[in-house]
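Below you'll find only one chain, the form predicted alone, shown as structure tokens.
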């Protein structure tokens, strides 16, 4: 009678694991630097944040355990956080899907061009995401005087009689943040889609034509998208993370805090309590809720993408 792994006791399983580790020691040594960095800079901070979210901690005194009180205060008594949630969800639901589709459509169109023009346009669309002076351009466009491009153009065309306070009026701020965030998000996902399109096996299109694929839309759905699932999943993770973590755009354009908290997001609320007030327990509860929201959104989107082409 041959006993399986399930028949081994805890000591036997440990011995078997130790033998496997010794047998594959070079593989474990090669992955050790990454796992060490992941533990120190990802797992440990996330775990520490979850623990701190259950405490009252001001960085001067020892943390005091208060259970779920931070979450209760955050969800039931913090009116500004509710504004931040509303703004963050609005930004995420608009910029996430829209920028994802724009990244893919632009990558798909540019991929059909000749190499010199394709390389040039790839650089043009990727450059904003790495530009350190991107916000200067948008502040100049939406400047509140006649020197701003938006105001001067609208006045010259007769649409308005006097300059609009684009970045001081609450009804405009969130939409400008959304516009700039979409513009900045055409970066990493766009490059990953370009790479995915370049690596699709061309023989699949020939096989598809034999099997009944008759137009470009059928090629896209039945061949291109299924062949790009790794890039599509990677792009989804990047776009979800970017859309839920908008903070710098709002602070650079609308100030911190913004007028009537019109540009307040979960990230700026987190920075307020974490880096200005030093209420680290409360800030950790904000970070934990944002982390769980991102995880949930990623799981939903990945499940949807895996159905592509099925």
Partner chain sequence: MAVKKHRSKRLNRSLGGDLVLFFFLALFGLFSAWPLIFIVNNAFKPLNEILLFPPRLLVRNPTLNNYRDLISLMSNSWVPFSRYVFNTLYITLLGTVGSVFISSLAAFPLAKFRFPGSTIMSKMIVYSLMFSAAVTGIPSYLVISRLGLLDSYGAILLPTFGTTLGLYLMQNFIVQIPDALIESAKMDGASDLKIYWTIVMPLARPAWLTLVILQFQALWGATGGTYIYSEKLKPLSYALSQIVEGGVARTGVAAAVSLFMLIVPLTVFVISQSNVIETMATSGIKE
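Only the largest set of C-alpha atoms that superpose within 1.5 Å between the two forms is called the rigid core. Fair warning: this is a prediction, and the values are worked out from it, not measured in the lab. Positions refer to the first chain, counted from 1.
Not pictured, yet referred to below: the form predicted in complex with its partner chain.
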item	value
Contact test, all of 222, 253 and 301, partner its partner chain in the predicted bound form, heavy atom 4.5 Å	no
In the predicted bound form, the residue from 82, 90, 195, 160 that sits within 4.5 Å of its partner chain by heavy atoms	195
Residue among 259, 40, 51, 66 with a heavy atom within 4.5 Å of its partner chain in the predicted bound form	40
Close approach of residue 15 to its partner chain in the predicted bound form, 4.5 Å, heavy atom	no
Distance check, residue 170 to its partner chain in the predicted bound form, heavy atom within 4.5 Å	no
4.5 Å heavy atom contact, residue 237 to its partner chain in the predicted bound form	yes
Close approach of residue 280 to its partner chain in the predicted bound form, 4.5 Å, heavy atom	yes
Within 148-186, the residues that have a heavy atom no more than 4.5 Å from its partner chain in the predicted bound form	148, 149, 152, 156, 179, 182, 183, 186
Did residue 64 shift 2 Å or more between this form and the one not shown, C-alpha, core superposed	no
Residue 17 C-alpha moves between this form and the one not shown by 2 Å or more, core aligned	yes
Shift of residue 36 between this form and the one not shown at or above 2 Å (CA, core fit)	yes
